[in-house]
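The data below hold one chain only, encoded as structure tokens and taken in the form predicted alone.
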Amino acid sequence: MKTHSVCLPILATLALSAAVTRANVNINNAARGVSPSNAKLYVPDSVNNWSCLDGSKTIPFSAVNDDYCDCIDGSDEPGTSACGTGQFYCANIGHTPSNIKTSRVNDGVCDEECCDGSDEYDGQTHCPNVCEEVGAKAREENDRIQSIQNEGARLRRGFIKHGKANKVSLTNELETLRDQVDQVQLALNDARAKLDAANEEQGAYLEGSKSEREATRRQQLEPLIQEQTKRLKYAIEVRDMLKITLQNLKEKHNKNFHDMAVKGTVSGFDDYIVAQGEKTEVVEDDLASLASDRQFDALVDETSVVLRDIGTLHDLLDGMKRDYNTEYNDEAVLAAVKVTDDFEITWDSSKLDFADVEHLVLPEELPVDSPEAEKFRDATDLAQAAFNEASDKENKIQEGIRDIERKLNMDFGPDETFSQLVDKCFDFKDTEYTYSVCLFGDANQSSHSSTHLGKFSGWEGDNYDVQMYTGGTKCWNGPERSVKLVMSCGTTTEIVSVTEPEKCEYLFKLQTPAVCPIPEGEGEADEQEQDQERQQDQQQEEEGEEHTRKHDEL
């Protein structure tokens, strides 16, 4: 009996130990695929039951992760693919934990998200634990990115400081330029009045010396007038010779041959004669009464009229020469062909003029050479130079005002970050084209020629990291070209890629410190530091003014 009494406690202890072990196994099995944050949801109740997370059913705790889907929401199978709708937790010790769809558990594929291989625990597929290696590379990449962001944040703080200071500077410069406008416009009006007076005085003098100047001008143009008169007379002689040739052809050709080329030429000549009857030729005596410049121009115009007549007559003869019937041996026709051949040696049909003849050009009028005329010219030149200088100054100020107003009206972000990048241009070359963008300006594509891709039209969204450039050159059978410029953090500002996701819609990717994140609190500290600097500058300025005032009083 004693022996039995001693063995009973031992057996009871062994049975309790086995029950505890089975319970631990069930709990560990149930916890597979569950994240630490959700572990408290996978604990049995006092009677070893467990409720689906959606509350739809209560099942034995042993049914959790038994590879059978009991719950509608699939929450009873976080560690198997039975339901396939839940999330399997990969601890990935040495790297970053992650979740995958439970449908990918034990599917024979080593998922990258589970670098510890825990998703293939059934032993059918061997997935080595590479989390230490992957984690080391990820940490190295994170360190690299963090280094870029830290440097980018430092550079962006410089952008912000520059932008805010530049806004103050531009505002002050705009005020200064506006203060100068009235003064500069008064100076311009004064210079204009003096120039008008100088021109009026010079005009009065020139009017008084008109006869003298006309005599000088006539003497200057006389050789040209004589040469142009000679050319006109020669052109008239040639025209008359061609008219006589065509008149002889009309009267003497053998009409019995019925040569269609000859008939066509004769008919064209008749039309020409009818048209000529409506014209009035310039009489040389009428030209002589004109001022020398007008006389020369009239001679040139009349010569041009005669040359056009010559061209018309030549075309009639040349058309006949090319198409007449050579078998007829019509003497009148052969005579006309002979005249045409001789004439064509001297004629240039392409410029409708005689070959090797250069057009005469009317020269500038020679200045009147006298001390008084020189005095008026010098006065006018000085007044013109003063007016030009005043006008240039006024234009420069107005242009400066417009440029500053344009920049002050631009949206450079809430902290003026992008002020430093306005009008800065960046290029990107691929195998065929060079793409360029001038921030807040224009985007272009160039190869053998340049194509406008768009003009800055605004920001997209509220993050100040996407710009739109629209209204570019219209594509053939497509839309106007446009550019979407997406920015990312970098230590330099440069275009890193250009693509065309849709026809004539380009995507530029630009890295720049201007969008690098600044850690919370640092921006406020920078603002406080800048406020202190401004207060110190203001205090020093006030102290300087006080010192000047006391010095003046002494």
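Owing to the predicted nature of the structure, the values given are computational and were not obtained by experimental measurement. Note that residue numbering follows the sequence shown and begins at 1.
The following text describes the form predicted in complex with alpha-D-mannopyranose (MAN), which does not appear among the structures shown.
Contact between residue 506 and alpha-D-mannopyranose (MAN) in the predicted complex is found at the 4.5 Å heavy atom cutoff. Although the partner is absent here, residue 433 sits close enough that one of its heavy atoms falls within 4.5 Å of alpha-D-mannopyranose (MAN) in the predicted complex. When alpha-D-mannopyranose (MAN) is considered in the predicted complex, residue 475 lines it closely, a heavy atom lying within 4.5 Å. Not displayed here, alpha-D-mannopyranose (MAN) is kept clear of residue 95 by more than 4.5 Å at the level of heavy atoms in the predicted complex.
Checking 495-503, 31-39, 51-59, 64-72 against alpha-D-mannopyranose (MAN) in the predicted complex, the stretch whose residues place heavy atoms within 4.5 Å of it is 495-503. Checking 156, 481, 231, 314 for any heavy atom within 4.5 Å of alpha-D-mannopyranose (MAN) in the predicted complex turns up a single hit: 481. Note on the partner interface in the predicted complex: the residue among 80, 445, 292, 419 having a heavy atom within 4.5 angstroms of alpha-D-mannopyranose (MAN) is 445.
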